[in-house]
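Single chain ahead, by itself, as structure tokens, in the form predicted alone.
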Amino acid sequence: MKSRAGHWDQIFSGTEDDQLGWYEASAAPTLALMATVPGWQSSTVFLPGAGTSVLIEELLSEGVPLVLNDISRTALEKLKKRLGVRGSAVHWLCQDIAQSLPSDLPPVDIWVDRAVLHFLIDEADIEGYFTNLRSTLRRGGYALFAEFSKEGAAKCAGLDLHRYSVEELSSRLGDAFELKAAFDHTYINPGGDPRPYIYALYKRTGSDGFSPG
């Protein structure tokens, strides 16, 4: 059986970025939510699944400090080549986001998940993801999600999905996180098909027993 990393390496190596099923020419919905976070341009932002998203350039153009992770080394190499010298300011990481993150990551102010969490379908992997989020995001920081909604497709990139509602995201995050904003967004993919998403922004307001870093 092909590994999870191998699956994504094959996709990124065999498809041009603008033909990927999740390609967006603009990350406007994500940026609109981020703009509601005070001081977001100077906040350290962690992307658990950076892929080859155009969001990276948009954040770098604002001077945002970035920590970029992806399970696919191929995706990261494509992104590094595209960024050129701008990539030298990025903290790079290549690992499965369901597994424990390194302890030497810089403090994270905003966790931005654009269509990563919904690919984790085993409960142990989902729990590992949220453990990473809690152990990485500082108190007072923000978590932003863009996931397939309950009305979304059951599969993407040949993989089964765990689709989300705001209620489930809130339940999994727990009482230490306060919902600040949420909205539905229908994305039209490069093939012309609609993909219903849920966008949600949370602030970590309380203590839940986890200490970042």
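Start at 1 with the first residue shown and count on from there. All figures in this text were calculated on a predicted structure; none of them were measured in a lab.
Heads up, the form predicted in complex with a small molecule isn't pictured, but that's what we're talking about next.
In the predicted complex, E77 stays away from the small molecule, with no heavy atom inside 4.5 Å. Although the partner is absent here, W111 lies well away from the small molecule in the predicted complex, with no heavy atom inside 4.5 Å.
A residue is said to contact a partner when one of its heavy atoms sits within 4.5 Å of a partner heavy atom; S135 fails this definition for the small molecule in the predicted complex, lying far away. The closest heavy atom approach of Y202 to the small molecule in the predicted complex falls outside 4.5 Å. Taking V90, L120, A143, L101 one by one, only a single residue has any non-hydrogen atom within 4.5 Å of the small molecule in the predicted complex, and it is L120.
Checking 135 to 143, 103 to 111, 67 to 75, 81 to 89 against the small molecule in the predicted complex, the stretch whose residues place heavy atoms within 4.5 Å of it is 67 to 75.
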